[in-house]
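Shown next as structure tokens: one chain only, the form predicted on its own.
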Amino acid sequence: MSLLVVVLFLLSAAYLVAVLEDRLTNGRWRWLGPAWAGVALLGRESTLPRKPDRLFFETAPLLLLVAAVLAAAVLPLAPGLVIADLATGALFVNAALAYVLVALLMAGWGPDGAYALVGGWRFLGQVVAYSMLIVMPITAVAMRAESLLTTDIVVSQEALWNLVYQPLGFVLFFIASLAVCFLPPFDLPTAPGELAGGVAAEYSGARLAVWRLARLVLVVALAAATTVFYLGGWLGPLLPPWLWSVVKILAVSAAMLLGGHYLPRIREAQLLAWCWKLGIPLALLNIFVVGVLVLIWT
């Protein structure tokens, strides 16, 4: 039952994210726009490049979708409403996100095309930049909860959300989440107007539809992770727990889309420099501060 509910939520939330993304792109609300676009893609011929690595080319969109669903599988929407309540759930999220890199490298290599290859290698550099900014804030979150169980992390925020307890960790994790989803200003692998779609440039028809769905589900999964780790998950007054999760996840998803929409794309060298010279020292400072607070208050 939990599996069905979570999957339906992911699909519904992904559709709403697609509607908002379409609004930011075209300047008007088209509630049926993503549906018509999906139908059009499914009805269009799915062409192949001239000399593809067929295994990589076919597998990449599916792997991206699987990685996004796996990351969401350990994130609870309400007490008891989680696909897999793993004892190491917080680390499992990071492990699942590692396959996003694999999917984008496969999508870059598979078509045997210049733009796709450049996009794939760009994401490899992007991972080197943001990867520690995913793990280190999660470490601080687990320190406060004294557990890697995602449900325990939510319960630990009953008195005070981690957004208030460790705001620096929230900012770093939110920025890293944008990079994981290759959303602006970290859309280096796709780079519209520069790489003509990058890693997705050679996909069409049903393959492109799966790719776009996977990216939308990835955004929702990272929004759910932000909600569980920093916004108290299902906690809140008056409304049912599951509805609090839905509201928070959709709000974070909207913030992720809006956050970088008006910012210029960041160059690879700038991203690496900022993350390693500024982001990692700040993440270490966040762990130190949280450790001191945990020692004082426990």
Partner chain sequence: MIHGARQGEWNVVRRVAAMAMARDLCAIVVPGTEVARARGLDLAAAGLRITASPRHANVLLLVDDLPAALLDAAVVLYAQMMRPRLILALGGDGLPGLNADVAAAVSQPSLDAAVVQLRSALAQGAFHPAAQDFHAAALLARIEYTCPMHPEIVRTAPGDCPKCGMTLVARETQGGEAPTPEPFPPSENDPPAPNAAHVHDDETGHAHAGHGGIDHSGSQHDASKHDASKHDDSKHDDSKHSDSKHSDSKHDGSQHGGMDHGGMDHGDMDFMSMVDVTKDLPRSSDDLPMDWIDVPFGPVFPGLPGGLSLTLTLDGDTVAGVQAQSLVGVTTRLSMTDIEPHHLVDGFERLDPLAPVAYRFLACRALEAASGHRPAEDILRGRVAALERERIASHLGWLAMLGCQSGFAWLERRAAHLQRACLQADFHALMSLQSALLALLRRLNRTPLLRARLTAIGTVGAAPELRGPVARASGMALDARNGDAAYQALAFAATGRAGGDAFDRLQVRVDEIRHSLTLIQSAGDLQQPLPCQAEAVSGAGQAAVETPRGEARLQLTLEQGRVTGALLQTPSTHHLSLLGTLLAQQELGDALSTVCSLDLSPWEIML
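It should be emphasised that the depicted structure is a prediction, and the values quoted were computed from it without experimental measurement. Residue numbers count along the first chain shown, from 1.
Another form exists, predicted together with its partner chain; not displayed. Remarks below refer to it.
Of the listed positions (V74, M136, A201, L77), a single one reaches within 4.5 angstroms of its partner chain by any non-hydrogen atom in the predicted bound form, namely A201. This chain is drawn without its partner chain; in the predicted bound form, the residue among V118, L168, L81, I175 with a heavy atom within 4.5 Å of it is V118. Taking the partner from elsewhere, no residue among L8, E158 and R215 has a non-hydrogen atom within 4.5 angstroms of its partner chain in the predicted bound form. The closest non-hydrogen atom of P189 lies beyond 4.5 Å of its partner chain in the predicted bound form. For the chain shown alone, L63 is not a contact residue for its partner chain in the predicted bound form, no non-hydrogen atom being within 4.5 angstroms.
Looking at L70, you'd find every heavy atom of it more than 4.5 angstroms from its partner chain in the predicted bound form. Although the partner is absent here, P237 lies well away from its partner chain in the predicted bound form, with no heavy atom inside 4.5 Å. Residues of 13-35 that come within 4.5 Å of its partner chain in the predicted bound form, judged by any heavy atom, are D22, L24, T25, N26, G27, R28, R30 in sequence order.
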